[in-house]
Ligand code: C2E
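A single chain, nothing else alongside it, follows as structure tokens in the form predicted alone.
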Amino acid sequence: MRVITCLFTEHNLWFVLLAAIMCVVGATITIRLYRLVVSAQGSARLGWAFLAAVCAGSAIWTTHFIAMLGYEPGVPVRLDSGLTIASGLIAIAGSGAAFLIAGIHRSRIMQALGGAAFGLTVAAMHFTGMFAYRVDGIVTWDMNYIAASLILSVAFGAAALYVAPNWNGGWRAMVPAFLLVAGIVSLHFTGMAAFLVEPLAGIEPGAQSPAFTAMAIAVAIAGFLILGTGVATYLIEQRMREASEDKLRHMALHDPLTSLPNRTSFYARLDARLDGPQAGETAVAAIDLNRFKEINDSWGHAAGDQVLIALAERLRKFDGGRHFAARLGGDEFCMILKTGDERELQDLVQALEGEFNQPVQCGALEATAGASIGVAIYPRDGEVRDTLVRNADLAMYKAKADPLTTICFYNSELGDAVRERRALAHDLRQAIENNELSLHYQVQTSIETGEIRGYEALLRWRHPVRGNIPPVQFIPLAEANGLILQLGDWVLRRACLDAAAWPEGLKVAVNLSAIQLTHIGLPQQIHQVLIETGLPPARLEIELTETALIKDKAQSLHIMRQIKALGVSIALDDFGTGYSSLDTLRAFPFDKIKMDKSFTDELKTDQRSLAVVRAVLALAKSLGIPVLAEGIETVEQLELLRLEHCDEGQGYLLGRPAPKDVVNRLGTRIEVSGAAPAASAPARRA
């Protein structure tokens, strides 16, 4: 009852109301800043703790002194300025320490301890301020009320900081602030109930004066200014955080180069579309540029980026921005086409193709990228997102594989082809694991003398059900399914092991794929195989195509130099079919050139082919590189190559690919009599 009596009979209620407003506002801001202390890291936590301490200390101090100025003890009152200032510093320093205790370890126990420390800070500030309150009378203290005030302050403070980090949504977000208000108010008025004043005889009452009222208003204004600074800082930080989160969200959902939505954003939008009422009016178009690599290689990556940005802008504005476009990576785009009419869809896709066929300005040059487009329609071509996108990709790859087609709509035959490829890939994996593959060898001879120089290792796969599967079918399958490194290691090891049993001086040539050449461990793998099989390095020849080399010229050159350092020779296979053959000869250290079969086929009938062969032989001679002609099938071709001083030859006329037991029965020289060669031993041995 003493607390109620003290509040309503010994205080000016207008001052109490002003103090209460200050307390509520200050507690609310303090809790918001305290939550930032808990979530911050490193020096940011110290900064937020300092700001929270200033706001909390100011709120406690101003609440206390406004209420004190409204206290009417019935005797004259003076304030000790030193203790008054000290009480404010105690409030700020103690609050900062309490927030750091509660936030530094982020454990619930430490948050409660920090809250208890905050309650003790409020008590220390209050009683220091009370000692600054000098009255002309006899002062006595009721220790029971003092103890009660301490218990209430500590309990409410601990509860406030304990629940604040987790109670931050909905109506519960205000509970910690009200607990803090309860702690401050209960401490103050219970502590004031413990403060008893007996006036001295002869002292006139009249503690209140206009000066006290002015001081209360000034203290309130100063407190609100400090709290306003805290509010402004909090709001600025929140806006910056929201802007940063918006930026991070945009970066996570958009392509950094073109600003188009990325794969994650595309899938989310497609999921929402398929779950909505307009799902039946949806098609997916998978898009892959046709000449993007050519643009990059010819004009540089900066020009390629310009092309991508320009095309992305066209997709963004396509059909008035009605549809949703995304860049999935590299030169791959995808679109959600919002139509259920197949005729309209046909027109849309043709218009889309036209966008890619329009030139793009790159400085003073113009580039036309072109595109292959595959389309899948919901729900006919897929009832779930992954199936729909996969089928659009399949249709796009079908369009890309056909030079006469740029647009392909998915159909069931494409699905059957995919299932066929998957089954064949599974069988190939089993064939590798069960050692069901074999090597055949095709002889390579000197054109001038017929002397056997070596053999090219050719991989063969006889499927138990499908029969012989050609390499042109299963090698790309191995590359696409991650089997090529395992397959290449088996071929290299088997070929070296077989060649080690051949007469001295005979080489074995082994083809490497582009994927093998990009493998950084290839030189070490070759070295290990040579050691294990006992084949001298000089008897191994690695054959590479230009396609394998140009994927990463710097990496390819580095690996080639490591291979040559082992003593292994390197041949350029299928020479003349690439688009940068002369540059390849200049840049890479080849020991042999293998001239493509297409030139040999037309030696007799096409003077231009003969001219090309002469030019290649002259170029190779000037570079000191021997030339092997592939695909020799007639005596006339052999004689023409002999007249042009070609170094070596390979083809059905000289010998068809044969198993190692047939190769082991051959002699040292092939003599061509003009008769058609046999299937297994095409030319008689000397």
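Counting begins at 1, following the sequence as shown. Please read these numbers as outputs of a predicted model, since none were measured by experiment.
Although not depicted, the form predicted together with this ligand is the subject of the following passage.
A.B. asks: Any idea which of 459-467, 176-184, 113-121, 562-570 reaches within 4.5 Å of this ligand in the predicted bound form, heavy atoms considered?
C.D. replies: Of the options given, it is 459-467.
A.B. asks: Even though the partner isn't displayed, in the predicted bound form is D142 close enough to this ligand, meaning a heavy atom within 4.5 Å?
C.D. replies: Output for D142 is no: heavy atoms all beyond 4.5 Å of this ligand.
A.B. asks: Look up in the predicted bound form whether R263 has a non-hydrogen atom within 4.5 angstroms of this ligand, and give yes or no.
C.D. replies: No, R263 stays farther than 4.5 Å from this ligand in the predicted bound form.
A.B. asks: Should D80 be classed as touching this ligand in the predicted bound form when contacts are defined as heavy atoms within 4.5 Å?
C.D. replies: No, D80 is distant from the partner.
A.B. asks: Please check if P659 has a heavy atom lying within 4.5 Å of any heavy atom of this ligand in the predicted bound form.
C.D. replies: No, P659 stays farther than 4.5 Å from this ligand in the predicted bound form.
A.B. asks: Answer yes or no: in the predicted bound form, does this ligand come within 4.5 Å of a heavy atom in every one of S87, R134 and T190?
C.D. replies: No.
A.B. asks: Going by heavy atom distances of 4.5 angstroms or less, which of L69, A53, I632, A27 would be at the interface with this ligand in the predicted bound form?
C.D. replies: Selected option: I632.
A.B. asks: Which residue, V616, I475, L517, A367, has a heavy atom that falls within 4.5 Å of this ligand in the predicted bound form?
C.D. replies: None of the other options qualify; the answer is I475.
A.B. asks: Give, in sequence order, every residue of 644-672 that has a heavy atom within 4.5 Å of this ligand in the predicted bound form, or say none if there are no such residues.
C.D. replies: G651, Y652, P657, in sequence order.
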